[in-house]
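Just the one chain here, laid out as structure tokens, in the form predicted on its own.
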């Protein structure tokens, strides 16, 4: 029987996910492991195509037909104290699990809402699908959540999606995501395609909801400054693998993987002046025929012949801070110099 530490609500263990393509199977996620603690926010950062969204879809088992989970476990601590392997759930059990235990807010807010029915009907459908048939109780709960995400409750509840702005639709999804009081909320780029003021509102709303409701968050983002502000733990993904994971201040001020450091160097800050940004050379690797050794070595300025031959293991180099890099000592020295010059996103 599987067990979890008392403070862990979700444990992803050695998960690999692949897609069937014309040239063969694409290894989109490769042996990823992490624990999500109760009330914690874990940020997944990395370039497009690194496996962040695939991993989140795998957790709630919403992969497209061409995708499959090849190995591993996804353990969830239910409210009753039972530890469940989500890969063992049948379709009915998955339907009950999604939204009530684990909700996901997708990136494209307009595409996630049914354009031909009102918001209220989506709310009622969601509640009814999980056995909540008291429409008046559902309405009161939803109106209260709309107030908490700073929306006009009555107007939004009776609106069609096209009658709302992008930021309003995003907050509608956030409110609907916590309607059934889940323990885990997965957010896929929740601030994409909104202006800076709306982005700030969404982040403040998220913090308030997490503090008052106590759920855990898996936060997917390209924006390192947002990850630095929201997250307790940060995991850097590259080519389907977690190459660095640790407490937010450790990762952003004392990065130990060359890829994480490259992401930090590419972030514009208020203190950077007229300096040129330093981008990471090259492109992400082919996941059907990935490079040997460390997958980042063809783009890494610190790569050695060993990096091309051997796969670096993910090892703990500081309390709670794991990294898969043979040149982590050099990266750490460069990262500390960058932090001292106030270029780190954590200093924004």
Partner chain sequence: MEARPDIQVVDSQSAALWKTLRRALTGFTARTLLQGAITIWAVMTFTFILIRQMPSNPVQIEAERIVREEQLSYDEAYSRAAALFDFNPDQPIIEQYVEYLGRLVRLDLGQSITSAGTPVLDQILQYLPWTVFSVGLGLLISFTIGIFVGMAMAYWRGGILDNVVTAIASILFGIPNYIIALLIILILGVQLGLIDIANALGRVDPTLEPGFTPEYILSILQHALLPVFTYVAATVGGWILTMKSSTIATLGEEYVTAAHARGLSQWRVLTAYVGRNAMLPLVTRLAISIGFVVGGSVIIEDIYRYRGLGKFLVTAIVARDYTSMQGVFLVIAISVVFANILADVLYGALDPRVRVGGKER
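Numbering follows the first chain given and starts at 1. This is a predicted model, so every value here is computed, not measured.
Unshown form predicted in complex with its partner chain; subsequent notes refer to it.
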Check your understanding: Going by heavy atoms within 4.5 Å, which of 127 to 135, 257 to 265, 219 to 227, 239 to 247 lines up against its partner chain in the predicted complex?
Key -> 127 to 135
Practice item. Quick one: from 108, 89, 213, 83, grab the residue that has a heavy atom within 4.5 Å of its partner chain in the predicted complex. Key: 108
Point to revise | Heavy atom within 4.5 Å of its partner chain in the predicted complex - the one residue of 140, 207, 200, 155 that qualifies | key: 140
Point to revise | Heavy atom of residue 99 within 4.5 Å of its partner chain in the predicted complex | key: yes
**Study point:** residue 164 within 4.5 Å of its partner chain in the predicted complex, heavy atoms
**Key:** no
Point to revise | its partner chain contact at residue 196 in the predicted complex, heavy atom, 4.5 Å | key: no
Point to revise | Proximity of residue 112 to its partner chain in the predicted complex, heavy atoms at 4.5 Å | key: yes
Check your understanding: Thinking of 37, 73 and 178 as the candidate spot, does its partner chain come within 4.5 Å of a heavy atom on all of them in the predicted complex?
Key -> no
Practice item. Could you run down 75 to 95 and flag each residue that has a heavy atom within 4.5 Å of its partner chain in the predicted complex? Key: 95
